[in-house]
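In structure tokens, the next block holds one chain alone, the form predicted alone.
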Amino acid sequence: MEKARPLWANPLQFVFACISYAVGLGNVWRFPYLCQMYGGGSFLVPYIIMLIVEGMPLLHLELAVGQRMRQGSIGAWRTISPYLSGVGIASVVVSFFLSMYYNVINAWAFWYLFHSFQDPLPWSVCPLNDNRTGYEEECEKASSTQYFWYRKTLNISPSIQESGALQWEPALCLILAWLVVYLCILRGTESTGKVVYFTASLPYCVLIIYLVRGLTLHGATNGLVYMFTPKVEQLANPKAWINAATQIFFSLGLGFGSLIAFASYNEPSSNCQKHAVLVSLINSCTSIFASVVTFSIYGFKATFNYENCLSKVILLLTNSFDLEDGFLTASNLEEVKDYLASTFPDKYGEVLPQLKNCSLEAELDTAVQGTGLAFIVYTEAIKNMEVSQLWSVLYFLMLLMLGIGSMLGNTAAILTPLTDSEFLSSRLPQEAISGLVCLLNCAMGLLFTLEAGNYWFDIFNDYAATLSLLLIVLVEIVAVCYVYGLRRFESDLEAMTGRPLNWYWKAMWAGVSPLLIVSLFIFYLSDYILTGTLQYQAWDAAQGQLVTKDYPTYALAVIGLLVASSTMCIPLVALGTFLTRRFKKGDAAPVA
């Protein structure tokens, strides 16, 4: 007797699960960076267009496939065609790679959260040197927030070749992060369905609190003006459009199999079209909302640094030229500097090297994304706020909820095909399967807690999923439209939901979306392969800054293996299925 498939308790649980999965760290730390890089308000034009022609259609496709086939990614694509089982396997492989390194971010968030209760915050001041006669030289050359990140958190090695020792404190935080994930997925949709209410809603509460606080900070308007001032010339920049497309693509989590897994637990009559539109809009609105919060904080940080720089210049000139206190101010600084340079050229030339060039525009132009934005820029701003411990606790709780919500989707993409398998489900309970997956991921994730672990984190983050997901989703669209048949799929959806498929979805699936993905695929191939040597950013303790280095040969081999291990699943499984069927057919043929 076939085991009844578990279902979400109600449609709201499913929507919350999708939102919790889709709305993640990329909304908070990559979208604001792209706005900063590609014209502020102008970037919203390509972003919204790509949402319409790429994001919504592809999300609807995956939700519809999961709801129709009622299986995880492997079973769903095998049902469409036995030759397509490799598509589901490729999704599981990519999700496994993602889970390996993504939960490390949650470990770092736990680490910072635990340190957020100290007064003062440990990243707010540089530590004393061994002689206690001054501050650590590395910290003085960099900054207290950079020092805490690179030295205290990562204890980073000078290069990827120097692996170094396991850092036990981040390793313990990683074990804790995996324990939390395991408890959340312990009983499948029964436990996950309850957790997602919390992981999906708490980040919004924190963002609203941060928005109110951010808008009251001195200099917040500088950041908001910078964000919303459009640079129309960026609309002619093809990279702005390409990055808008990739942001939509990866922010929604397409191709991992998570959305197919979630939708497979839906009632067959659920309105997957409405869900696709709703989740897409909420995800994109969250990115814009998070950018407003980020740029208000960013404006405060930039203004604080700018005014601090001005104060130092004013103090230096006042002392060097015996000026009266209060004579030199920020408003007349440039005028007085010109006067001193012309009146006392020799003396001015002596102090000139000590004068730092203060520029608010330069501070705002400093573009940072990823871990640099989350663990350096934000902490730089937080340390200068009143009651900084409170804001630090709220911020890292938000990061944890975003990260754990995404991890629930990542692990569902792995676990659903495994629990769908009769071979495994008949031998092991669901709790044991979930535990083994978490244990294996955690053990392999310890690689990222080595002294060189952050370099390997960047490799997995940059190369484990990008090209693979583009190929996976391209094959998914071709499979639905031209293997299974768009008319047949349209009939299935109408029979399930009682609603005919709109022309918009058919036009996007059959032509616009696949052409767009092919264009992205060509761009990434040219960017990653044809542009020359692949490089990474290494921390130079002596200079207190990042330096560019070339990847060693074995790191390039790992990059190639990461890409090949998932993408090659598709043709190899198809070939294996073809040969197996042909072999069986040959065995069944009568002997002459």
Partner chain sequence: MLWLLFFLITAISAELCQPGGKNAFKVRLSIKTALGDKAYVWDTNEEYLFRAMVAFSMRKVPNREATELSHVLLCNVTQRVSFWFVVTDPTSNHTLPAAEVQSAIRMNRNRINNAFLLNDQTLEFLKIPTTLAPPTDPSVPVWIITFGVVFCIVTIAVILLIVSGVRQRRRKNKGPSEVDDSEDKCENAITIENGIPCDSLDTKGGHINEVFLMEDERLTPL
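If you're wondering where the values come from, they're calculated on a predicted model, not measured in any experiment. Residue numbers count along the first chain shown, from 1.
Just so it is clear, the following notes concern the form predicted in complex with its partner chain, a form of the same protein that is not shown.
Participant: Check, residue by residue, if 141, 548 and 563 all come within 4.5 Å of its partner chain in the model of the complex, counting heavy atoms only.
Facilitator: Judged in the model of the complex, none of 141, 548 and 563 sits within 4.5 Å of its partner chain.
Participant: Among 316 to 324, 371 to 379, 96 to 104, 266 to 274, which stretch has residues whose heavy atoms lie within 4.5 Å of its partner chain in the model of the complex?
Facilitator: Heavy-atom contact with the partner occurs in 316 to 324.
Participant: Considering its partner chain in the model of the complex, which of 162, 233, 431, 361 comes within 4.5 Å of it through any heavy atom?
Facilitator: Of 162, 233, 431, 361, the residue with a heavy atom within 4.5 Å of its partner chain in the model of the complex is 431.
Participant: Just to be sure I understand the contacts: of 451, 169, 307, 490, which is the one whose heavy atoms reach within 4.5 angstroms of its partner chain in the model of the complex?
Facilitator: Of the listed residues, the single hit is 169.
Participant: Would residue 401 show up as a contact with its partner chain in the model of the complex if we use heavy atoms at 4.5 Å?
Facilitator: Because no heavy atom of residue 401 falls inside 4.5 Å of its partner chain in the model of the complex, the answer is no.
Participant: Under a 4.5 Å heavy atom criterion, is residue 134 part of the interface with its partner chain in the model of the complex?
Facilitator: Residue 134: contacts its partner chain in the model of the complex.
Participant: So in the model of the complex, does any heavy atom of residue 340 sit within 4.5 Å of its partner chain?
Facilitator: Heavy-atom contact with its partner chain at 4.5 Å: absent for residue 340.
Participant: Tell me, yes or no, whether residue 186 is in contact with its partner chain in the model of the complex, where a contact means a heavy atom of each within 4.5 Å.
Facilitator: Yes, contact at 4.5 Å.
Participant: Just to make sure I understand: among 172 to 189, which residues lie within 4.5 Å of its partner chain in the model of the complex, judging by heavy atoms?
Facilitator: Those in contact are 172, 173, 175, 176, 179, 180, 182, 183, 186, 187.
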